[in-house]
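Quick setup: one chain, the form predicted on its own, written in structure tokens, and binding and motion questions come after.
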Amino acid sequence: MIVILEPDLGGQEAAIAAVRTVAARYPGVEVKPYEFRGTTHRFAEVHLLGPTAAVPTDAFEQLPGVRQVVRVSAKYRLIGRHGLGNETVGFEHNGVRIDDRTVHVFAGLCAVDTPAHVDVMMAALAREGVVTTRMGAYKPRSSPYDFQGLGKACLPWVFDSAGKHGIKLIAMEATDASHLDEIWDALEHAGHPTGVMVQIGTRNAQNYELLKQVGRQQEFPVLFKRGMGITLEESLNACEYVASEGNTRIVFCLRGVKSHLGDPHRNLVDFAHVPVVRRQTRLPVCIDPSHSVGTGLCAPDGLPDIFHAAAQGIVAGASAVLVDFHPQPARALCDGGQALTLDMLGPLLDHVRRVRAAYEGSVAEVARQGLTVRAQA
């Protein structure tokens, strides 16, 4: 059961205390308050856990400051939307706001290799006015003989280059809890020239102990990638592990799923699930067309398949795009075949803007006509 307080409520603590008092009448019911910041409002919820089936909702509905009381059947109670309105809970980190009002492109190296390549990539982003990137320092690989990433050794010069070029937020995978400390220590030593969003990769989507550790820390927001071979619901339940430990600054990323039906692409592109995730959760949604498509080949119209796949997610309302670039893809130590060259950065950004404009136009037209949106059953 969730007790939802009025948005931007003054006297919030008093309202939460009143909910606790009422909940104390019912044995075994645990009270956990949470605060969220949406695109336009701050709001709080009080989650009642335990044997709540026999707890009447009207006992809480009449309390001052309570807007609504809902019974929740989905296991992902924290990230779930539960039919509570259309506002997506976003967050701001190091001056970058991620919500459903815009699209951020995290273009960069799938795997960091040399200082020169990192600096060239950062400089290209700066010229285009992009302040977000992806940089893979820790790389889980299918084979133990493949390049595993440079690890903490590359962090000082990655962060230095980001600060030099004004890059504000780096999406960077952590494959072990110790990596969180290594990233934080390197940022501290460098003087925090940039920010990091910790990525949970698809191979760790059900590494529950890692998810708990990532959820307990508050230094970094989290980019959670859908598991490659599990259902969407299983991935959402796994993502809930992060939120349940206290960190609700999460972006949910779709990156394609394993299927023999995906050929000749690397994975079966699942970007039709963008509106599904937005409907079922309150999280911003990211797409990763590079790891979905897995090739830099172009369609007969001249656009790379990655451009087309990105458009599918953006026109469905995605808030972020994670895409591989490399100054010299043939020399990349990981996934060079899917990396776009730097001369494609400007065209990709223009493509993203055009598709986002089409999406916003459709949303505005629906609102203008006053069409009723059917809520999830």
Ligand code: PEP
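Note that residue numbering follows the sequence shown and begins at 1. Worth saying up front: this structure is predicted, and the values here are computed from it rather than measured.
This protein has a second form, the form predicted together with phosphoenolpyruvate (PEP), left out of what is shown; the following refers to that one.
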query	finding
Residue stretch of 117-125, 149-157, 206-214, 285-293 approaching phosphoenolpyruvate (PEP) in the model of the complex, non-hydrogen atom distance within 4.5 Å	285-293
Interface membership of residue 202, phosphoenolpyruvate (PEP) in the model of the complex, 4.5 Å heavy atom rule	yes
4.5 Å heavy atom contact, residue 251 to phosphoenolpyruvate (PEP) in the model of the complex	no
Contact label in the model of the complex: residue 196 to phosphoenolpyruvate (PEP), heavy atom within 4.5 Å	no
Phosphoenolpyruvate (PEP) contact at residue 162 in the model of the complex, heavy atom, 4.5 Å	no
Contacting member of 255, 179, 77, 273, with respect to phosphoenolpyruvate (PEP) in the model of the complex [4.5 Å, heavy atom]	255
Option touching phosphoenolpyruvate (PEP), based on a heavy atom within 4.5 Å in the model of the complex, out of 104, 139, 81, 265	139
Contacts with phosphoenolpyruvate (PEP) in the model of the complex - residues in 93-129 whose heavy atoms fall within 4.5 Å	110
